[in-house]
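Given as structure tokens, the chain that follows is alone and in the form predicted alone.
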Amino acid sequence: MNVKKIVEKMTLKEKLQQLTQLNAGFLDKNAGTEATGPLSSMGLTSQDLNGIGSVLNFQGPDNVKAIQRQHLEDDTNKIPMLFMMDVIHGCRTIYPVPIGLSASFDPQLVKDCCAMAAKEAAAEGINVTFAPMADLVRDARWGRVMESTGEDPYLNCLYSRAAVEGFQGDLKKGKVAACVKHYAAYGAAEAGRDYNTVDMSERTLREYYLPAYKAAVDAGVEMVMTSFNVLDGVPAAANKKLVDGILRKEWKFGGVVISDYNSFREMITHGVAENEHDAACLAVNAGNDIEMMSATYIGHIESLIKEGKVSLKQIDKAVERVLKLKKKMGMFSDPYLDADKALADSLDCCKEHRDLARKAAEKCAVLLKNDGVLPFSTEVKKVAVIGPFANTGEILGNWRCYGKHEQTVTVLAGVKNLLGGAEVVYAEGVSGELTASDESGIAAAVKAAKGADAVILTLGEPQGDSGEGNSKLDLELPAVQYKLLDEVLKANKNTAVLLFSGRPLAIKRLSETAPAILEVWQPGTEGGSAAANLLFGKAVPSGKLTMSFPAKTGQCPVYYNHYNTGRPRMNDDVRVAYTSSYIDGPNKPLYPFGYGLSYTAFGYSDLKLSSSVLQSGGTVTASVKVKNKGSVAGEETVQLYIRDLFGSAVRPVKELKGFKKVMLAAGEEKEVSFEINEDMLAFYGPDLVKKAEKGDFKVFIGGDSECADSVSFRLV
């Protein structure tokens, strides 16, 4: 099957239809005004739909087959449609939101989870997932933090690559094409406000924000989605330097570029296009292929070609890229691919998938505080499970695809399933809603807590309070949740807080009050089972934060790999004049990047280097001894950080350059080593050339980004 020959036979309108993506409901001939109203507002007629190249937002394999079957009857060229969906952290079986999953520090686990999601998605008839999101994020106010993997470019690269490999594989049976998003720097929206302006130097862009997208491209990702934001004053979808320059020419990306939802028409609102005619011109010339949920191509490309502002060759190339993907996926020989209701139903929260989802939820939970309360004994006679997230399946997280709340193991159910004979009582106490103020249920919660051998108090934010469009001014818990906490603690000090969130929260007050805090994020289908196993010692927490938790919201953006400034604050505990600091609080986050406790304690000693000199082209080995000083086995994520002391451009105070996970029995000690090479020291200088510069470097190895012990070497 020759793609170029197909394109040669197509009319211009048919080509433009291939480059248009609409909601699947528009193609449902029984939808009535639900579809025809929006269709008309976009300037489309029913005849424009016959050759549409792809759809999004559909429901199940039977729906997919019906739409594809009707499309193939109507389309003169018999070119199958692509079906695309946001499969972000699971399809039917939901695993933790990406910011949570990233806390596992386990790229293989990410790959396994994405492969599971792909298997379910393919059976549902999904061909492409709008994932992974590779946006680096430093501001927890941004709602889409939940889709990110945090604030570190090195770690984000590993996860981006793992997700692409998990979703796509060889694009054979049980796989879907991946679409990395949002290109580029969407996670740097000013003030953490979604869709807001992004403005940064090209050096910062290349050093921190672009690497994870590049990692996805290098891993063979089939599609790239441009972002909503402006960058350097130009919306990403209109940014020729970004798309045609860096992505296409510099990185040699030959796959499909797709817009985000209606972003071509939003160029008019941004103020760079006077009308849809201008928007279509900007989009094509920037290097976009498919436009999502707008019809500027169909409406205006023909006149743009006549005006000489767009060439037919550009359109042909874009259509060829789309058809090549369809050919690669095997859609011309089998337009339905893996869509199979019986298969989809058999995979739906099956034991194998539930087991992986539970493992992921256990591995990503981060123990933030523990004053000896956890783990609870499994011999307890009475347990109180309290709070707004204790008895609900709505702990899946946003962008949960086809996940169902009723299939979710709640915390209450998880505890009951684990303990069997124990008495387990429940009280909601208060609502979890952001504006909740009703305290009438607190008395029942206090009654439940009194006399209990263990109290599990669920606090945090609802699953719908993070995700797209859900930016926050205040990252603290609502006052009514603190009222519940205070009253429950008066009744029973043997209380552990189970914290649910889709982002880091500013929980300084909670950290000062609660005896124990276990962050479980939005944990997914097996969230309750995982929580119970962790709280009662059947699993040992090992998660580490991939994004700093601020002490106060006003610190945002706060991140570990910051610059030192010319007037650094040396004492974070006191007010110091004329330093880079706040007069009413600390610079440091409450919990730093890489932080996470265990039910045991780990000690680091004997940090050393194989040589104090690194020859250009050579290596040095850094090593440290890690000992389990506690009485239970545990897994530690040993983290390697490097600081470049002097450079042609200012360098961060620390940068993560490697990590290793080590399992240690009680009392066991192991030596952990890392090889350091010149490439690990390279950075973008003022000339935007990436290279390592000779000079002095410090090496830190420890359990989080605030590890202090260091050794030094010199690159010559």
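Numbering starts at 1 and follows the sequence shown. As the structure is a computational prediction, the values presented were derived from the model and not from experiment.
Not on display, but discussed next: the form predicted in complex with ligand GLC.
Heavy atoms within 4.5 Å of ligand GLC in the predicted bound form are found in exactly one of 302-310, 336-344, 490-498, 260-268, that being 260-268. The single contact residue among 400, 138, 144, 353, judged by any heavy atom lying within 4.5 Å of ligand GLC in the predicted bound form, is 144.
A heavy atom within 4.5 Å of ligand GLC in the predicted bound form is found for exactly one of 295, 225, 243, 534: 225. Under a 4.5 angstroms non-hydrogen atom cutoff, ligand GLC in the predicted bound form has residue 130 among its neighbouring residues. Shown alone here, residue 161 lies farther than 4.5 Å from ligand GLC in the predicted bound form, counting heavy atoms only. Proximity of residue 42 to ligand GLC in the predicted bound form: non-hydrogen atoms within 4.5 Å are absent; the residue sits far from the partner. Heavy atoms of residue 358 never reach within 4.5 Å of ligand GLC in the predicted bound form, leaving it off the interface. For the marked spot (190, 472 and 551), a heavy atom within 4.5 Å of ligand GLC in the predicted bound form is absent from each of the three residues. Heavy atoms closer than or equal to 4.5 Å to ligand GLC in the predicted bound form belong, across 361-392, to no residue whatsoever.
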